[in-house]
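Have a look below at one chain only, the form predicted on its own, in structure tokens format.
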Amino acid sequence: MSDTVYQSPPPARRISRVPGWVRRLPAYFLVWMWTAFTLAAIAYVLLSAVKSKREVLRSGWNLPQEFIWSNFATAWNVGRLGDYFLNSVMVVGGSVFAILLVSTPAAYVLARAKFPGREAVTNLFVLGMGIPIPMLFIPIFGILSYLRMTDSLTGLSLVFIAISIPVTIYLLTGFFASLPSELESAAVLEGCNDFQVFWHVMLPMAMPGVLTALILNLIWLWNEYQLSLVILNSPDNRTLPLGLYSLQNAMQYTGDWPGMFAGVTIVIIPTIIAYALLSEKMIAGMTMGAVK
């Protein structure tokens, strides 16, 4: 007689009859609510920037009876946002260029090369990402004082570079690690050296990731306020966020709210334009870096 033990079949899985789009409705609702709030805030700022003082206080959401473009001239010239805009362009442009110049080859080496201590170096950059920036205020100010670079745009740019390199290297390492190794091997067989493989083969393929790092650093550094406030003292060296804060204090006493909104528009327009032009590359780069 057989000793076979018969087991009852596992219970059938209950198939959910709720459509997938219904389960995703809460997420869609939150995304659309956040999008509507952001667009409404931008629209309010833009409308208030071309109104008169009386219209800003009395009719916040109505279209202006007359578009007053001189508010931008007031913020640009009287509020000195033109000088601060130039300071921000020099500091942020030079910093982002230096960040990518250092981080891109470093991320390529950490992602593709095999050498002792590679994991330790990578973890060191990850550790640098976890340090809160306010904890660095006193050490940074002490180092810049020793180097006599306080209240200097050059000193601020060096701080921007040092703080942004860890997260940029960590970001780009994922992009380079996701690239196929067959093309790299084929380039080596064709006689390319390490630099030629990086410059002519791997870097063009990782360009979406480089553009993603460029946009993220550009947006963060363009709107950075705390480090600039700690390092810069003189009005001539102010960046655009510091200049906007001083403009806000000045306009509060004069009641020139349209001038303040015009200054806010001058600050946010460059980042919106940069994101609109490069958003597709950024999304493609983030998707590429997520697949390893």
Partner chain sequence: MQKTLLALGLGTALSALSFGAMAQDGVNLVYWSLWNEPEPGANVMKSLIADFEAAHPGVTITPVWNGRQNQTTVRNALAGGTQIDIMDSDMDGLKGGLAAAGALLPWDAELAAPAPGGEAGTFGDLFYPHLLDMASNDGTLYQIPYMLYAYNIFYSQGALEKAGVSALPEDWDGFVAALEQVKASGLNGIAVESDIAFYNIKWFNYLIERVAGPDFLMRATEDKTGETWRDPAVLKAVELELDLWARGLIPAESRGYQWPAGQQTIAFDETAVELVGSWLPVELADTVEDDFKWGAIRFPSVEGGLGDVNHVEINSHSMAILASSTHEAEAREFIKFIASTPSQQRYATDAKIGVANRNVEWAPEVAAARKSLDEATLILSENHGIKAKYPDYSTNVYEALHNQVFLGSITPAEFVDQMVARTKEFWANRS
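Residue numbers count along the first chain shown, from 1. Everything quoted here is computed from the prediction, not taken from an experiment. Between two forms, the rigid core is defined as the largest C-alpha subset superposing within 1.5 Å.
If you look for the form predicted together with its partner chain, you will not find it shown, but the lines that follow are about it.
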Contact at F67, N87 and N237 by its partner chain in the predicted bound form, all three, heavy atom at most 4.5 Å: no
Close approach of T150 to its partner chain in the predicted bound form, 4.5 Å, heavy atom: yes
A250: touches its partner chain in the predicted bound form, heavy atom cutoff 4.5 angstroms: yes
Heavy atom of L57 within 4.5 Å of its partner chain in the predicted bound form: yes
Partner proximity in the predicted bound form: W76 to its partner chain, non-hydrogen atom cutoff 4.5 Å: no
Partner contacts in the predicted bound form for 134-165 (non-hydrogen atom within 4.5 angstroms of its partner chain): I138, F141, S145, T150
S246 C-alpha shift between the shown form and the other one of 2 Å or more, rigid core reference: yes
Core superposition between the shown form and the other one, C-alpha change of G255 at least 2 Å: yes
Threshold 2 Å Cα movement between the shown form and the other one for S52, core superposed: yes
